[in-house]
Every structure is written in structure tokens, then in C-alpha cells.
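Next up: a single chain in C-alpha cells, the form predicted on its own.
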């Protein structure tokens, strides 16, 4: 299924590369936040990057989610080196695309840089500001760096240094009189609060940059999907209004919508699609979160206790390793707990992409959708424990017993 958002991508590309007076603030950086699996990465790859390249920009893309345990700076530096290397190669696909849209002749035989690519990003090597400045001067065009799941750069000295190095590159290039191109930074993330933190806190490199909600798929996507599945569903095709509401209830996630429509197809032919789809959507939405929650449960009671505490404090309070926290864990699981055990559990959950380090001693849940589901489960458990039956449902005696 390929649904293109060409108009949106072209609008964004124009605002970034050919900004009006009101859009020039985008050169300070653009950060987009949206839940996981709502189509951010697909939109970047199939729509926005081609639109940026069509206007002559050189785009460097890196996904920090692809290797969550890797050093974010290493991933970004490697993506930059890869792009520069491709531009050095005569006849490379990137160089051909660039020539087609810019009529660039100087780089026909491949770009020549006054530094070794292996030195990019190293402490004693070439700075990102110098690397991007040389690139822009040779290409005579804009360079756009897109970092997907940018919030993973938070929480480490290397990530912080990377962001400040990118800010330095932005300032050095974009403030030059008569610069032949600009350096633009786009960061996307699945955790709204973490992404906003990158632009709102005074100690962050991109403080003051623009933050927007990622535009989720809308009614035009629903109409497109229903037109595609009409031959398969026939009389079981739901209305666009009900389908759109179901889609929203599942977090606007295309994969979940397709699952719901497949379930609808399996119902008896006399079933009413508009009546069943909302229930199906609700069940699938809960099931999607359950997959992640089961990972926590599989790690044992201590993991559940730690995860619950992080959900409760939102990762903004340094209260995961304190003596008070250890006592709370102990009371919850019925035995003594050490800080080393907690650190090990947090390491496991970080490796499983359930948690992310925000800064030293501070952790947050990677996916807000999962966090919300876990808190809902905790509240339900508390209500059950507070019930007269102590959480045990009362069973009616069957007839004849």
C-alpha cells in the first residue's frame, strides 16, 4: 500500500528551502513529534526527502531508532561520511540527482574535500561546521540533515556534544553574508515531551527552534484505503466516518487500521461493519500496547515495579535509585532490592526500547502510547483491589449446582 503525501511534502520543502519572511525561523531547526508507527519515517523517505532533493538540497538521513544502543553521535557522523563519500564518486546516484536539479558542473568528476572523511566528527578531526561549509560551497546549494527519533540524543554527553556541534554548524553557515546555501536541521521523535525539551530548555543546543506536531494521516488517507479494499470487503465495507473514528482510536496507525479491516472481512456476511469496527479497533489498540507491556512482565516483578514508578513520575524526577524507591520496590515484590539490581533491570528495558535515558539518573518511557496503556492497567488494578471482593470477581452459582 503506497499512499503519497506529495502536496504536504512539497509545501514543507518550500517552507524550508524557499522560506517566506515568516518561515525563516525554520532555519533555526524544525522538530516534529508524533507517536510511533503513525507514518513519520515513511513520509520522510517517500515524500519529504524526494521533495527536498527536487528543490536541489542535499539530504543526509539517519534513524537513531535503528540502533538504539549505539552512540547517537556515531550514527550521525557515519551518515554524514557516507553522503560525502557518495559525492566524491563520479557517476554516483546522489551526484547525478544533484546535477539534474542544480545544473552543477563543478562536481561532475566528484567532489574534492580538504579533509579526510574518516576525521569527520572526531575530537581532533574536522568539525561538522567545516565539513558542511565545504560541502555547501562546492555544491552551491542547501544541506538538510534529518535525524529520526532525535530524542535518543538526549541523556548522554556524546549526544549533547553532537547537538551543540550541529548548532555551531548552523550558526557558522547560515549567518555568512552571501552564503550559497544553508544548513537545515530536522529532528523527528515519537515522544512529544522529549522532543519539545530539545527546543524549550535553555541548556539545549536548539533552544528556540520550531517545534510542531507531526501531521498524522487524515480523511484523504481513509478514502484512499477504503477505495483499495472495496473489492475485498464488498458489503462489509464500513463508512468513511466510522473508519476515520476507528483509525483515530488506534492512534492513527496505518498498520492497525489494516488489521482491523482484515478482521472485519472475516465476519459473517450479515454482520454490520459500522457496528463492529469500533469494537475491533478498541481491541487491536489495546493488543498493540499489550505486546510491549508483556515485555515488561516477562522481565519479572522488579521490572514491573520500576516501570510503574517511571511511568508515575514521568522520568522528570530523579527517584529511581533512591532509598525511598528501593523500599517501595521491596514492599511491592516482597524482598529486599539493591540499586545494582535496579540498574540491571533498567539496562534490560533500555535494550528492549521500553525505556530511554533522558539524562543522568533520569529515565522515561520510549513510547507514550505504551506508557498510557500501562497507567490505565495500574488504575484498573487499583480499582479491583479496592472493590469489596478484593479484586476477585464474584461468581454466580450455576443452576443445578
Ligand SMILES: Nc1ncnc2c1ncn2[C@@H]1O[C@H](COP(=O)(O)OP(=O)(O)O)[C@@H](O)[C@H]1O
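Computed from a predicted model, the values in this text were never measured in an experiment. Numbering follows the first chain given and starts at 1.
Keep in mind that the form predicted together with the named molecule is missing from the display, and what follows is about it.
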Let me know the one among 210, 217, 325, 80 whose heavy atoms come within 4.5 Å of the named molecule in the model of the complex, would you? 217
Which of 41, 28, 332, 353 has a heavy atom within 4.5 Å of the named molecule in the model of the complex? 41
Heavy atoms within 4.5 Å of the named molecule in the model of the complex: does residue 37 have any? yes
Touches the named molecule in the model of the complex: residue 254 (any heavy atom, 4.5 Å): yes
The named molecule contact in the model of the complex: residue 221, any heavy atom under 4.5 Å: yes
Counting only non-hydrogen atoms, which stretch in 254-262, 173-181, 298-306, 134-142 is within 4.5 Å of the named molecule in the model of the complex? 254-262
